[in-house]
Each structure stands twice: as structure tokens, then as C-alpha cells.
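What follows is one chain in C-alpha cells, specifically the form predicted on its own.
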């Protein structure tokens, strides 16, 4: 794990000094993070890097994971899709399963923190244990147009928190509690984002049979219908009609996403007769994901819905040209034609990729602009500062509206 001083060459000493100054005000407070999985997905990835750095700063930060069975995670996956606006049949049985697991968690999980920081809908009902401590609910997904039945049900819990955190202004809701706008971040020194020697990049491409002599189009994401992997294959086939290239669809699964294996099977079936499509299941192999991104010619993220899109952040940090859907938090990262290209359709994505493959200097400039934007806005050091300032604000009566 990287230490605080390791970030100085990336962000500068004043940023680290500022973190230490803010952290000093939180001495003696215990911050307890709670989510639903220790591996897989952006939340676990962020907490894995953030908690040790908070501890190094002198903030007693801990991380607990709630327990849930297969039925519970199928229900919360339906909730997840419904909050994104996808049609889902939500029954009373689903709500009963959710509350049955939640009641067990309320009985078994000790909420000992001075600040209890609950991430996403799965552990949301733990708020029923609230006592004199401070509680924050962190929503990592796009709820700008949620299924109202699911949202109103979850809101009955959200309203009991002291504050809620959203990733983008469009995700915020009309709530009686304070709201903070804090986008997520990537760790530039993690295995997934650190600089790699060219020989490692080439060895990973060779390992997976990916040719280095023609363009590589890559999407890195969980196998999730909201990431539209089938649409990515359509985009690739349209591009390939004009330019000889290959596609890499790589990602892992998460313990709280039982739908992923089903989606992976559908994608493999669709791609099985095309030798230029590489479907890679890479659970928690961050170094290889890093190498794939760095070895790619163009990165695509054709999400239908997106909470923020950390795979876009990662690609931009590597100075790669990115074509991505204009959804969720992606437009906060990509200014169209400056730090990447935004698209709305399969045809638009294919056109953008062809444009980048035919104009490598333009693609290179977009990548450079994107990397600088990430350096200034979406690295872990900024995220740490925003969270610590939010923690401090809970102990003051002023109406602090947001940090961005």
C-alpha cells in the first residue's frame, strides 16, 4: 500500500500538508464504513485504498461488511436496476426479503463509530440502530430518474440519516437532511493505475492472445446489462466494417451482483464465432486490467446508466482517448471533443471510434487533456479531503450544502 508521502510527486506537497491539517481536527473520532462486499466493484476498491490512508492521517477509520444471502442480493440487484430507471417487477416478497436480512444485520452488526458511513442501498436499514452517533448515507449510483416505488421505500430510511452524499448534482433528491456532492476518485498509485513498463503491458496482451499489430478497442467493466456489453459488440462490428481491429471486453464480478455470471454467458455466446473479440473474466487482477488499458488504442464505456464511471477515470488517467456514453457522472469527466468523445447511440460511438483510429494525433491530444483533468479533480487525495471536511461539518450547525 502506498504511503501519504508517495503521493507528493503526483499531487504536490501542499495537498498532503492540507490533508494533515484537516485530519488533525478529527483526532479521537472513529469513522466506520459499512458496505455489502469486500471485493468487486468501485465501492470496495475505493475503501480498500482510502481506509489505510485515513488511518495514516490519524483518523481512526474502519470498514465492516454486512452479510447477505443470495436471495437478498438478487433483490438489491433489482433495487439497483430500478433506481437507475430500469423496469423491474418489485413485489412485497422482495421488500420482505430485504427487511428480513436487514433485521439480522441490525441485530448482528455493531455500529460503534462516532460517524457511521453507510454505502449504497444494501445496508441502508441499519439506520434503525441510530443512537447519539452521526450517520451518513453514500449513494454511488445514478438516481436521477428512479423507480418511485423503490425510491420512496428507501427514502423512508434515508430521511433518518444526518446527511446524504451523491456523486453528481443531477443525482440529488429533495430530502429533509443535508446533502453533499462528492464525486468518487481513483488511486493513481494502485496496481490498477500506476505506471507500468512496456514489457509488462506486452506480456499481458500476449497472455490473452491479443495481437499488437492492429488497433485494440477495450471496455473494462462488470458484466452488467447497464454497461451494455452487447451494444459494445455492435459498435465494434460497425467499426470493423471499415477498419481491421479487435475488441476486448474485460471485467470481474462482485459478491453482491448475482446477475453478472448470467450476463457473461450471454456475451460469450454472442461473441463466440468472432476471433477478434476477447472476453476476459479478470476478478481482482488489477495489474492486468492496468496493462490492458495501457495497451489499448481506444477505450469505450457504453453504459446505459452510470453512477460515475470510474473505468472512464482510470482510462483518462492513462492518457487514453475515450469514447463514452453521456450518462451519469461521465460528462463530469469528459468535455466533448476536449478530453474525450461523448456518444448517445451505437452509430455515434462507432463514428467516434473510427474518427480516433483515423486521427492518432487528435486521439493523443484528447488523452493528454483527459489525464490533466483527472489529476486536478478525481484523485484519491481530493476525495479524502472532501470526506474529512464533511465529517467535520457534522459537528457544526451551519448549513453546509456541498463540497465538489
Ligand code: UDP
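Positions refer to the first chain, counted from 1. Small disclaimer: the values here were computed from a predicted structure and weren't measured.
What follows is about the form predicted together with uridine-5'-diphosphate, which we do not show.
Residue contact with uridine-5'-diphosphate in the predicted complex: residue 302 places no heavy atom within 4.5 Å of it. Using a 4.5 Å cutoff between non-hydrogen atoms, residue 228 does not count as a contact of uridine-5'-diphosphate in the predicted complex. The closest non-hydrogen atom of residue 41 lies within 4.5 Å of uridine-5'-diphosphate in the predicted complex. The shortest heavy atom separation between residue 138 and uridine-5'-diphosphate in the predicted complex exceeds 4.5 Å. Contact with uridine-5'-diphosphate in the predicted complex, defined as a heavy atom within 4.5 Å, holds for exactly one of 83, 127, 248, 310, namely 310. Think of it this way: in the predicted complex, uridine-5'-diphosphate has a heavy atom of just one of 218, 105, 221, 325 within 4.5 Å, and the residue is 221. With uridine-5'-diphosphate omitted here, the record of contacts in the predicted complex names 42 to 50 of 363 to 371, 348 to 356, 22 to 30, 42 to 50, defined by a heavy atom within 4.5 Å.
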